[in-house]
Every structure is written in structure tokens, then in C-alpha cells.
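In C-alpha cells, one chain follows: the form predicted alone.
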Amino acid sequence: MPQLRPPPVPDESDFTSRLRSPAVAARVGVWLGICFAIAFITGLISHEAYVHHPFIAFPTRPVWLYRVTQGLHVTTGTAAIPLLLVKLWTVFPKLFSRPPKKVGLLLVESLERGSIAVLVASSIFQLASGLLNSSQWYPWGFDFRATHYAMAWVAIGALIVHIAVKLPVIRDVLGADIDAGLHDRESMAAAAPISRRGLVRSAFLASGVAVLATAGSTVPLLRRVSVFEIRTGAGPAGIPINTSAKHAGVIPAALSDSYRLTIAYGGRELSFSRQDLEQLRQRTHDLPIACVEGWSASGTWTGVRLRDLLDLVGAPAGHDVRVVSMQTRGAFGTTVLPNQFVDDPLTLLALGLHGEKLALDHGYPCRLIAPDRPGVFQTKWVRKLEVIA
């Protein structure tokens, strides 16, 4: 019986396609780097929206800031996926190149390969985990937000090192025609089914299609063509929902005639039924609601200004408020609303949406809605507002 031998390890020279060129990799890499830079900056903004700093206040204006930045974050991450795949395909032969013998060149090569290994691993992790987060599927045991944030620094650091090492090559090939052949390997002589320009344009086209197919969650005008969007806009009053009343376990308590909203400051407490809240002065504001998954929608919210409610218990301005939900399952049942949102005149304890009574899945009997605040902190089914002294 003949003995089976493993196939030989390929050499860099075995890859002969003219498309696997530094000229292609650099051009695709430029736009991939732009996507990564936008995703990194908007990711930092998203992180700051989640972290409450006592001395650095996240702004309440413009009211659409988080909606736009988080939409850009998810959109550029999606656009980066086809670009990364093409980039990896073009540079794949480098994986099998023989290391140089000279110590100086070997150190540079080691730095380059190390940065590439870290960059590729962190990039794949960031894009894959971000895509799963947008789908609200978490097949892992770690905290997504903290891990995604930490790995973003790893990815951007590795990207900077990689650019610094490859800058001479990048400058040469971008300054010449794409077919000039600068820094091409001698073995790159095989014919290709498309031109180098065709491959680059195809990568851009695939990136654009990926955005159009998913961006409807962020840009409502694209919902008819976004066949893979996670949030279609369907929901009560045309506003999507992440957590239903059934999932949160609030249906009996939310519909009970015994429901009371408690407002507490110091040793003073007041309680209000839904009917009591309706008798207070009502205000209406147009405010967007946006989620970390990238979806967003605009709503016309009606309710009682939060600052007016706190004035009833004599709470002074400048204090944070602990907001407690009736939900019995899921995260963010208790959140802290920073004082700049508490005192903002647009922040409401909403009772209605688009001129109708607030739907149960949108937080009936009342919910928080504040300008420029991530959706998970727009607490639904509110049962207590406690001023933190």
C-alpha cells in the first residue's frame, strides 16, 4: 500500500497571479484603513456614551450625535469586510516567504510579520464580533463592549506599526500606475481573469453592496434595498424594539391598576399613577432613539419633563438620577442618568409616541427618553426615579 505524504509547504514563488500585487494591496488597504479609522473614532465616542465620567460630561447636543456616530461605526465596519477579504487574498503569499538571513532585515521582517499577525487576528475578531453584536447573537462568555473596546486599541496599534513598516512600499506603488509592476515578485506572470483595476473596483463595489444591503437599519431611506438589515423599522409606531415586554417579564406589573411611579430625593418620596402623570403638564419633542447595534429611528415623544418631576420633590439641579425599571429579566434594569441629561429640557418621562399611548413594548406605562443617549439607557417600564445626593 503506497504511503501517503503530506503536500509540500508552498513557497511564495508558487503564487503567480498578477493580481496578488502590492499595487492592489495598497489601494485596497488605503480604503480599508479609512474604514478602520472611522470605526475606531466612532467606537471611542460610543464607549464614552456608555461610561459615566464625573468630570467629562457626554454632550446632550446635537441630539443626533450618537445616532450618526454609531450608524457610521456599524456601516464602516460592514464596508470593511469585503475590503479585508480582498486585502488578505492579495497578501496571502507573504505567509510563505522565506525569512532573510541578514540580522537587520530579519528584525524588520519579524516586526512586519508580527504586526500583520496581530492586525489580522484583531481585525477578524472586531469585524466578526461586531457583526454578531448587530445581530444580537452572543455565543461567548465575555463582556462584548469592554472586549471590543480593548481589541480596537490592539487593532489600531498594529495597523499603525504595519503602515510605518510598509510605508516605503506603499508610497512607491501608490505613486505609480497600478500596472507598473513596482515591488512585484518575479514569479507574478500568470494571466488573470480580470485586470488589477477591475479587482480593486470589484472590491469597492462589493463593499458598497454590503453597505446598501445592511444600512437600512441606520438609514430608513435604504430599507427597501437593505435585504440583510437586522432591524427593519417594524414595531409599534414604526419604532423598532430590542426587548419586548414579554421577554423583560413586565406584562403583569405594567398593566396592573396598582402601578405607581416613585420619585425619591433624600427622605422625601412621591408616587404617581399613570393617570396622575397624564394630569401633569405634557410636552412633546422630536428625538431619535439609537442603539449600539446601529439601528436608529426618529420619534415624536410626549410626556412629562423629567426636571419638572424632580422639582416636585425639591431635588436641586446638578444631581444624577438612578432609573429603575420593572423588568425582571435582561440587562440595564437599573441605570444611572448623568446630571446633564437630567437637567436637559428635552429629557422626558414619555407617556406617548407619535400622538398615541405608549405601546407596552415601548415601555408603557412610562419610559425615559433623553437626547443623544444610547438606546439601552432609555429605560422602559420605569417604576422609580431616585435622585443620587
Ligand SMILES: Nc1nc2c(c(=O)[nH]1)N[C@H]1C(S)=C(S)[C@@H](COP(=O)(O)O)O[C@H]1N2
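Numbers follow the displayed sequence, beginning with 1. Computed from a predicted structure; not experimentally measured.
Quick note: we don't show the form predicted together with the ligand, though the next part is all about it.
Contact between His362 and the ligand in the model of the complex is found at the 4.5 Å heavy atom cutoff. At least one heavy atom of Phe332 is located within 4.5 Å of the ligand in the model of the complex. Although the partner is absent here, Pro22 sits far enough away that none of its heavy atoms falls within 4.5 Å of the ligand in the model of the complex.
For Ser325, a non-hydrogen atom is located within 4.5 Å of the ligand in the model of the complex, even though that partner is not displayed. Of the candidates Ile289, Leu306, Leu199, Val173, Ile289 is the one whose heavy atoms come within 4.5 Å of the ligand in the model of the complex; the others do not. Checked against the ligand in the model of the complex, the residues Ile239, Ala215, Leu83, Ala155 give one hit for a heavy atom within 4.5 Å, which is Ile239.
Only one of 240-248, 274-282, 124-132, 163-171 places residue heavy atoms within 4.5 angstroms of the ligand in the model of the complex, namely 240-248. The partner is not shown here, but in the model of the complex the stretch 366-383 reaches within 4.5 angstroms of the ligand through a heavy atom at Arg367, Gly375, Val376, Gln378, Thr379, Lys380, Trp381.
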